[in-house]
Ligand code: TXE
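The data below hold one chain only, encoded as structure tokens and taken in the form predicted on its own.
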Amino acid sequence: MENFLNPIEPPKIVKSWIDNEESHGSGMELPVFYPATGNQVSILVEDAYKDVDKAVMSARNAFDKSSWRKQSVEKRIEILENCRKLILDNLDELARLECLATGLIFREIKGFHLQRAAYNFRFFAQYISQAHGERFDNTEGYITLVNREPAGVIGLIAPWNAPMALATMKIAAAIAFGNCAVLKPSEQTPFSLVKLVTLLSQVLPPGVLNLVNGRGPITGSCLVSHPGVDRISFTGGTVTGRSVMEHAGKQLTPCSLELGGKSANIIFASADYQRALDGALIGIYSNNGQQCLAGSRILVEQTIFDQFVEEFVERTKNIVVGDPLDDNTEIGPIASKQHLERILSFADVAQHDGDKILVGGRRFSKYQNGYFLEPTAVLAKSNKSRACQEEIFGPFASFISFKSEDEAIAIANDTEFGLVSYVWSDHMPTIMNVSEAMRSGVVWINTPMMRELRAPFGGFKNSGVAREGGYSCEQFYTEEKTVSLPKSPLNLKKFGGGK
């Protein structure tokens, strides 16, 4: 029987943050649970329309009536660096709050997620230090200037699987380019982001960054359909993404949507075998398996298939599942009871489709109260199996064999998603041909997941709309303005006998 302690004492009631003050929502009270124990640890007060409207109006006033959007680049760089410092100065508390809500492994939150969160602010500080405009002199007698101005009020919707790392990408980008924002965390994982926003209020003027809490169909719907919002940036599931775009479309509000994935991890016989095996395990089981860019469909060349699958399964059986505060733990609990049950349902679905469960597929018997799952892998009957086509979003891998490069490409692209792809090979012609053929926004060669923030990140097909990254964020979070002027006074035609 588990005897896990809470990583930190949470706030008894989670409230919103509007105009640099705590604000009590007018909606329902929602329970918040610690995934490792299944115990309720807090109550979140949901924000209804009038609360969201208050937050949007706060951001609108800060954008329209204060000097925020006209701050110099030097001042914004200073603010972004101060935001970074606040994260680093409060690393342990933020990591414990994130662990409490998500069940993610504490050492990974502190050593990776929050380091990335802090770096997001530094990255955009460095990016805007190189900001430039455009000038055109091609038209005789005229100069045309193209400037970028902040877009306005941005609605930011963060996911539950990596709240700090992913939300700060949006926050840092929005304020770097002079916007004001309203952030909505997941109602399941509010703790770290509520704390972050209160910390950032030390360096951000009132109204620049507000936070509202609640469920997507309630609070989220109010935010994305609000006429005072100029942009929506959403990270989450594809079904919800469609709803976000539908609501925003009624106001013609531009959206950036980073959605689901069912990524192919293609392993050729020409790969460095051990690195590919290590990479395949990392690709599906890191972050408790809950990530849109997981390499969940593992395609292995037939000549090495049996050996690869056997060794993958043996390694999977040795994975340490347990307390997210324990340094030896490799996989912690699933984020919620509802999501645990959904993942488990795919074990039944797989068997119904003729797939073979190779390992896992059950609740982890050692811990009865928390949301723990045995790391799972199945041998798919074909790529048409639901376990290969639907995003499971957990530590659940599917194996498929292939005989040729063309077959691997066909299987990899046979999906509604197109977020990332992985290719493992030391044969350069194979690498080049397959990477060009992949219908995905990102292709990683001989590496598990990595992120170059200057490069665009986002997906093809149902994996998203628009991109995140340096220049991509600049395009999304700003409006282009063209200004044309003559180099000298014009000799204009005199209408109506003018002098």
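Since the model is a prediction, treat every value here as computed from it, not as a measurement. When you see a residue number, it is the position in the sequence shown, counting from 1.
The next section is about a form of this same protein that is not shown, the form predicted in complex with the ligand.
- Contact with the ligand in the model of the complex, defined as any heavy atom within 4.5 Å, is confined among 133 to 141, 94 to 102, 320 to 328, 214 to 222 to 214 to 222.
- A heavy atom within 4.5 Å of the ligand in the model of the complex is found for exactly one of 237, 205, 228, 361: 237.
- In summary, among the residues 279, 152, 370, 159, the only one with a non-hydrogen atom within 4.5 Å of the ligand in the model of the complex is 159.
- A residue is said to contact a partner when one of its heavy atoms sits within 4.5 Å of a partner heavy atom; residue 297 fails this definition for the ligand in the model of the complex, lying far away.
- Remark: residue 342 counts among the residues lining the ligand in the model of the complex, judged by a heavy atom distance of 4.5 Å or less.
- The ligand is not shown here, and in the model of the complex it never comes within 4.5 Å of any heavy atom of residue 209.
- Contact check for residue 244: a heavy atom falls within 4.5 Å of the ligand in the model of the complex.
- Residues 184, 185, 186, 187, 188 of 183 to 204 are found to place at least one heavy atom within 4.5 Å of the ligand in the model of the complex.
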